[in-house]
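In the block that follows, a single chain appears as structure tokens, in the form predicted on its own.
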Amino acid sequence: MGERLDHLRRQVCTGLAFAALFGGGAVLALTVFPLVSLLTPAGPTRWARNQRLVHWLFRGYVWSLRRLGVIEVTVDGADRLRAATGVMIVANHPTLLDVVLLMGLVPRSQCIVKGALWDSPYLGRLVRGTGYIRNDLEPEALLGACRDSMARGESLIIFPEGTRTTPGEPPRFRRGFANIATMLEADIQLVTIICRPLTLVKGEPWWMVPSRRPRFHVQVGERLDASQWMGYKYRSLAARKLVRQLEEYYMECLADG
């Protein structure tokens, strides 16, 4: 009886948490962001301040989920992730909460987001106010935006799979992140996210809460120096090798986890 009540409680809290996440983003964009705009000139300084606000919002959100008993979270190497600046942060993508976890750990983070979000009535002000990068830009413009962002000290969070991992299948990475890394000669900070039991996975509705409280383990791994892929005659060859290298790395990490 106690387990069933706990399951029901977590189900209700999960629903409230989803409403708070989307509602909170909209409220932030409609209230605090305009205040920042009044006090800060348009451009990178305003984006940086809004990114900090999102960081603290997500950090508080994860804290609330833990306090409510919805999830458990452990992080190995959080200090290294917080100290990372101007790098590409690459992570696997098992659940819907991954971006929230990472942005709550990285004070100045940059994301590549769907272009449709820029016109969203709920999140449009948020993605525009933070200076996040549209994914429908022309290739040269997208590359330039990533270069400028990392030059300002922002860390670019990338999920190379492009979508959440299908449960039971190994990670399959798209080459876009590798093209950006090799063309910009960017260092890569590897992060592995493990969730047991799985929740909020691809193709599963939010109310399918597992019988046990999910435990998230965020492991900050090695940092790859850009010099590893600067010696290739052809950039496409370096990008393919980087994709294979990271697919093998994550398969090994997830098998051990």
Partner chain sequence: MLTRDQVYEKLKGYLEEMFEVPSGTVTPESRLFEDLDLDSIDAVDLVVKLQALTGRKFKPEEFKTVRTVGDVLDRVQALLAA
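The structure displayed is predicted, hence computed values, not measured ones. Numbering follows the first chain given and starts at 1.
One more form of this protein should be noted, the form predicted together with its partner chain, which is absent from this view; the next part is about it.
Exactly one residue in Pro170, Gly115, Pro139, Gly162 has a non-hydrogen atom within 4.5 Å of its partner chain in the model of the complex; which is it? By the 4.5 Å heavy-atom cutoff, the listed residue in contact is Pro139.
Exactly one of Leu96, Val75, Leu123, Leu143 has a non-hydrogen atom within 4.5 Å of its partner chain in the model of the complex; which residue is it? Contact residue from the list: Leu143.
Contact check in the model of the complex: Asn179, Arg235 and Arg244 versus its partner chain, with a cutoff of 4.5 Å between any heavy atoms. Do all three pass? The answer is yes: all three residues contact the partner (heavy atom, 4.5 Å cut-off).
Interface membership of Arg9, its partner chain in the model of the complex, 4.5 Å heavy atom rule: Taking the distances in the model of the complex, the answer for Arg9 is no, it never comes within 4.5 Å of its partner chain.
Contact flag, Arg175 vs its partner chain in the model of the complex, heavy atom cut 4.5 Å: Result yes; Arg175 sits at the interface with its partner chain in the model of the complex.
Evaluate Val100 for contact with its partner chain in the model of the complex, applying a 4.5 angstroms cut-off between non-hydrogen atoms, and reply yes or no. Because no heavy atom of Val100 falls inside 4.5 Å of its partner chain in the model of the complex, the answer is no.
I'd like to check something about Leu184: if you look in the model of the complex, is any of its heavy atoms closer than or equal to 4.5 Å to a heavy atom of its partner chain? Leu184: no, not in contact with its partner chain in the model of the complex.
Given that the partner is absent here, state which listed stretch (106-114, 131-139, 145-153, 88-96) has heavy atoms within 4.5 Å of its partner chain in the model of the complex. Among the candidates, contact is made by 131-139.
For 42-64: residues with a non-hydrogen atom within 4.5 angstroms of its partner chain in the model of the complex? None of them.
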